[in-house]
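First comes one chain, alone, set out as structure tokens in the form predicted on its own.
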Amino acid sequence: MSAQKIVVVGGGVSGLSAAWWLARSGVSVTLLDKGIIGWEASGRNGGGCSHYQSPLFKEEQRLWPQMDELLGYPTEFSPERIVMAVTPRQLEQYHYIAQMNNRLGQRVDVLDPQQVREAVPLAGDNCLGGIHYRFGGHANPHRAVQAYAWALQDLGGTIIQHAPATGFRTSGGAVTAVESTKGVHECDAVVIAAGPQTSSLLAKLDIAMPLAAARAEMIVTEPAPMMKLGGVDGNGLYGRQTLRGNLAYGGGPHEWVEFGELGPSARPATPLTRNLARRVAELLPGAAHLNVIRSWAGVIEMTPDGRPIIDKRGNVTFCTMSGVGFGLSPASGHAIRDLVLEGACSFTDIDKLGLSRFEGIADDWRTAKGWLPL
């Protein structure tokens, strides 16, 4: 096993986690990224780790509390989460989520408005109630990306930045090398976890993956007084309070974009930034006076049903997490490691995440869903 050479294409958290899991198994790993690792959505997101609808959920929950120790570097993971409602429709939705999770044995407490305000001092009189996830939590995306990368290098893995993959060499139906702008990298197997570029890279291997790209935006405020629980969502937002007190929030609406092999250079847009700031002020009126000090725009990818794809064809394993890659990264990396080395996931059934579910999908599926650039 130690003689195997694996090339991982994509330096977001999914690729980094997969590379780290493979290196832990004694494999020689080279990771390529078109720019700087974690420079897009992986390093700039809400940091949530509470994906109860995923088959990877139990492994996600098992691993996050251990990740600092396993990686040897801090991720700033913090457990639990509160979701607040500021409209009756939101409250109804959150109560449904609580009931569903409790039926599955995953504790979620229903909170009245006063209980929310006690837990979240920045909440206002417009709060109608909320729920408290007693599982999940959040971590710092920047710290986690660094931790994965450093841990991979500690195990002997190689990271090559500013080296976009440009093609593949094959023999007998298997990939034998990955071509990049910084050389040719021989391999026994390849992992493609390149975010929105995944579909265009797979197309070079005659594998069709339906993906649509969208801009994702986040804002960061100046520091607010520290809350008891840093993970607070609601009003269509995801985010957290940093250890310095800043509020970092994002969350729709998607702005669909065209995306080629390298894609557009996304920059924050005033209308979407203003929309985020307004909704943060509605969610947390006690923070409405804070200035927005930073904003970010990047590109994420979505599958037609909004769920991840983790699958394998020959010696090519591929992954697209459809906007939920950060929180699931400890588990997705484990699953990818298993597919590469064992041929199947060892800890859960991921058949529902297979690419075959999209066989026969119409070429104009994006038009049918309205997922088109303005």
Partner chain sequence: MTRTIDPHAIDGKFPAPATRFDVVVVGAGRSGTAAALTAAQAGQSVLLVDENPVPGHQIGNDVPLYFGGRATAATQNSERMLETLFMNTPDLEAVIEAGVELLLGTCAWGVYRNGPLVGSLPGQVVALADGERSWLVGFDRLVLATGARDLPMAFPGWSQPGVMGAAALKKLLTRYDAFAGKRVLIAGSHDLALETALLAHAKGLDVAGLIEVRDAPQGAADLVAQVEAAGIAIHCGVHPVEAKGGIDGVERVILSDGSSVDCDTLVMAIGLVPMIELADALGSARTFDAKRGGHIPLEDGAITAVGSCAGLADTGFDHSAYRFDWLNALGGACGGDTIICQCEEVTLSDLLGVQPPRYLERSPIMQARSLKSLLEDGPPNQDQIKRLTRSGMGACQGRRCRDQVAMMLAVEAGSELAALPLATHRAPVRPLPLKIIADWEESEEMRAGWDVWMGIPTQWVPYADIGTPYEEENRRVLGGNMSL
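Residue numbers count along the first chain shown, from 1. Please read these numbers as outputs of a predicted model, since none were measured by experiment.
Keep in mind the form predicted in complex with its partner chain is missing from the figure; the text below concerns it.
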Counting non-hydrogen atoms within 4.5 angstroms of its partner chain in the model of the complex, say which of V257, M209, L229, V110 makes the cut. V257
Ok, P79, P164, G124, P268: which has a heavy atom sitting within 4.5 Å of its partner chain in the model of the complex? P268
Only one of 240-248, 193-201, 173-181, 111-119 has residues with a heavy atom within 4.5 Å of its partner chain in the model of the complex, and that stretch is 240-248
My question is simply whether I97 lines the interface with its partner chain in the model of the complex - judged by any non-hydrogen atom within 4.5 Å. yes
Please determine whether G306 contacts its partner chain in the model of the complex, using a 4.5 Å cut-off between heavy atoms. yes
Examine Q66 and determine whether its closest non-hydrogen atom to its partner chain in the model of the complex is within 4.5 angstroms. no
Is A288 a contact residue for its partner chain in the model of the complex, using a 4.5 Å heavy atom cut-off? yes
Within 4.5 Å of its partner chain in the model of the complex, counting any non-hydrogen atom, which residues from 8-30 show up? none
